[in-house]
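Given next, in structure tokens, is a single chain: the form predicted on its own.
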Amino acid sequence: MTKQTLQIRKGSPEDVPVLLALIKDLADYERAPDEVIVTEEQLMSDGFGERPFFHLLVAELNEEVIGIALYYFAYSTWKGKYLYLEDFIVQEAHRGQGYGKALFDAVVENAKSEKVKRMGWQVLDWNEPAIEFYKRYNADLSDEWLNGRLYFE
């Protein structure tokens, strides 16, 4: 298999089952498998309903989805519109072959075409392969900010 068979495309409702499977794979990798409570129905409604809350790019190799990038737009009072990359996942068997770079580059291009002022994401401090990946982009990986969250039932 070569990179020429890789296609990056906009996600569709038909991708929701594999999207959820990849989200669960990521949760396993991040040692939090019980944290995923989202359902296919919720992803369908939230991503492909009347008022989508997220955008989805899909990396497809030989007509098989091997990765996804789920992102949304937000607003910074200091910078203006920005793109937040919520999840970026490539199946483990396909890592290190340039497919993740192609998918990440597509997100970057979307950010630039939307004229956002910044693109943000999080990476766990122990995820060295991901940290090294982002460093190749000269990304600012700051440990200065703490995450604040509230959870609602």
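All values reported here derive from a predicted model rather than from experimental measurement. Each residue number is its position in the shown sequence, starting from 1.
Keep in mind that the form predicted in complex with another copy of the chain is not shown, yet the notes after this line are about it.
Novice: All three of 30, 46 and 72 touching another copy of the chain in the predicted complex at 4.5 Å, heavy atom to heavy atom?
Specialist: Every residue of the spot touches another copy of the chain in the predicted complex.
Novice: Spell out, yes or no, whether the shortest heavy atom distance between residue 99 and another copy of the chain in the predicted complex is within 4.5 Å.
Specialist: Looking in the predicted complex, residue contacts with another copy of the chain do not include residue 99, since no heavy atom lies within 4.5 Å.
Novice: May I ask you to state whether residue 124 is within 4.5 Å of another copy of the chain in the predicted complex, using heavy atom distances?
Specialist: Result yes; residue 124 sits at the interface with another copy of the chain in the predicted complex.
Novice: Using a 4.5 angstroms cut-off on non-hydrogen atoms, would residue 118 count as touching another copy of the chain in the predicted complex?
Specialist: Close contact exists here: in the predicted complex, residue 118 approaches another copy of the chain to within 4.5 Å, heavy atoms only.
Novice: I'd like to check something about residue 139: if you look in the predicted complex, is any of its heavy atoms closer than or equal to 4.5 Å to a heavy atom of another copy of the chain?
Specialist: Yes, residue 139 is a contact residue.
Novice: Can you name the residues of 68-89 that have a non-hydrogen atom within 4.5 angstroms of another copy of the chain in the predicted complex?
Specialist: Stretch hits, in order: 70, 72, 74, 75, 76, 77, 78, 79, 80, 81, 82, 86, 87.
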